[in-house]
Structure formats: C-alpha cells, structure tokens
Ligand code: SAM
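One chain is shown next in structure tokens, namely the form predicted alone.
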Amino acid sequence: MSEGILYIVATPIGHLNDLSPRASEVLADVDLIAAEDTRVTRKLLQHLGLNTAMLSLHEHNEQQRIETLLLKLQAGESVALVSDAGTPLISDPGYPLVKAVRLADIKVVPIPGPCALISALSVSGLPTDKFIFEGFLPGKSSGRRGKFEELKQEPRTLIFYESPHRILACLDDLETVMGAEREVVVARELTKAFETIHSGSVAETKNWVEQDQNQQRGEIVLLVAGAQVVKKQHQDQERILGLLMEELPLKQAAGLTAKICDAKRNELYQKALEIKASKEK
C-alpha cells in the first residue's frame, strides 16, 4: 500500500472567493482535514458543499495528534492541514507535524494561496525586495519596546501581526523607540468588507487610530519601514572625512576615507571641498 500525502492548504483570510480551485479539489478529495478550529473550517466546507471528515489540530493538542496523523498517512490516507485563515504554519500550528511527516519520508505538498503578511506587503508601498516577518508582538509594553529596540536599526521592511485591542499601545511603544516620523502601514481586515490600508508616520497613524474606533477592530497587519542605513553610512563617512581633514590635505583625507568606508574617492573629495567652503564662510 502506498503512503498518503499531507497537503498544506491555504484558505481565505476573508473573501471566500479567494480559495483556489485546486484547494477546493484537495479539500473534497482528501480522507481527512486537520483543522485549527473545526467550527471555522466547517463554515468553509458548507460554503463548498463538502462534508469531508475533520480532526482538530491546534497549539494545545498538536503533539498528541502527530502520532494519529502519521499512522493515517502511513496507511495510505491523504490529509489536508488548514488553519482558520491564510497559509498554515505562518503564526499558526503545523510546524511540528510537517517536520515529523517529512522525517517519516512522507510526501508534503503545498497548495498555495492567501497569506495576510504577503497581501499586506504587496499593497503597502514599502520596499518589498527585503523584509522580515516577526509574527505577533509581545502582549506587554516592556516586551514590545524590547522587540522594537532590537529591530530599530534593521534596514529591511518589518512586518508584525497585532491584536486590535493593543494597536494603540503598540503604536505608542513604536513611537517611543523608533521615533514619531518612522513610516508605518496598518492593513486591517484584508479582503473583508471593511478592509482599510493606511500609511503615514507613526504619530499621524496613531492619531488616525485614536480618532476612529473602527480601526481598533478586526485582524491587523502592521508594517514598519526599515531604518535608513544609507543615510547613516553617509553620516559616518562625513564624520570620518571631517576628522581626517583636520590632520591631512584634502586629497589625502578623501582618499583615506574612501578606503575606510569603501566609497568613491572623487565623491568624497567633492564633499571635502564643500565642507572646507562652508567653514570659510
């Protein structure tokens, strides 16, 4: 008897029409669906007109379910893993199961689809070439501030999931650590009826959330612009150049700064001339 397959099936984060035809087929064909909350998944199955058998798998019982599911897969049954919304394992249960199934040399197949963090990033207007996802932020202010302090100089776009009742306190902590002018995007209730995507400075966004109680409801993805590393590099170059200009001729100061900072000597020489001119005024 051939072994079964574990399918990792992405489900809608709001709009039911976002479920792919392939995902619908898999949910109809598998022997069992391992669902984070069977009540939530049952609504999706009812929408599809399906009655596939389900088994709960959540953060409190995942370790106990692994053996059961492995036995079913080894017996040739196929299983679909779904979370309440979006792509499983992304701040949701599933990692221990997938690891155990792969270690057992059983096939794991992704059925791609909606993912809140990727959807939010795609419409944020922030850089998308490099980003990091930090999942849910700590519940207490001290923990959030510690996390923000850790990421303060991170140049990549930062992405977090945040609870609606903590979003104001979160923005307040963000302002304290990263400053009022850091650009942020709040993506709320994506693909749902009251979807809102707001971008602005931390201070402006905090005021916007305060003024509209509706923005303190629903599912929230918080995106934060990365630190401006290029600006800091230029500041460091100018500081080194200025110190060397006090001891060396301009060309030598520019040349040595270029070597230290791995920068262009001609550009630094022009900057040295500007600095000298400004001092002579």
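Every value quoted in this text rests on a predicted model; they were computed, and no experiment measured them. Each residue number is its position in the shown sequence, starting from 1.
This next part talks about the form predicted together with ligand SAM, which is not shown.
Only one listed stretch (167-175, 88-96, 145-153, 71-79) carries heavy atoms within 4.5 Å of ligand SAM in the predicted complex, and that stretch is 88-96. Within this chain, Phe194 is remote from the site of ligand SAM in the predicted complex, having no heavy atom within 4.5 Å.
In the predicted complex, ligand SAM lies farther than 4.5 Å from every heavy atom of Lys206. Proximity of Arg188 to ligand SAM in the predicted complex falls within the 4.5 Å heavy atom cutoff. By the criterion of a heavy atom within 4.5 Å, Leu121 is excluded from the residues contacting ligand SAM in the predicted complex.
With the partner omitted here, the residue from Val101, Leu117, Leu126, Val202 that has a non-hydrogen atom within 4.5 angstroms of ligand SAM in the predicted complex is Leu117. Though ligand SAM is absent from this view, in the predicted complex it lies within 4.5 Å of a heavy atom of just one residue from Leu241, Leu32, Leu44, Val221, which is Val221. If you take 136-164 and check each residue for a heavy atom within 4.5 Å of ligand SAM in the predicted complex, you get Phe136, Tyr161, Glu162, in sequence order.
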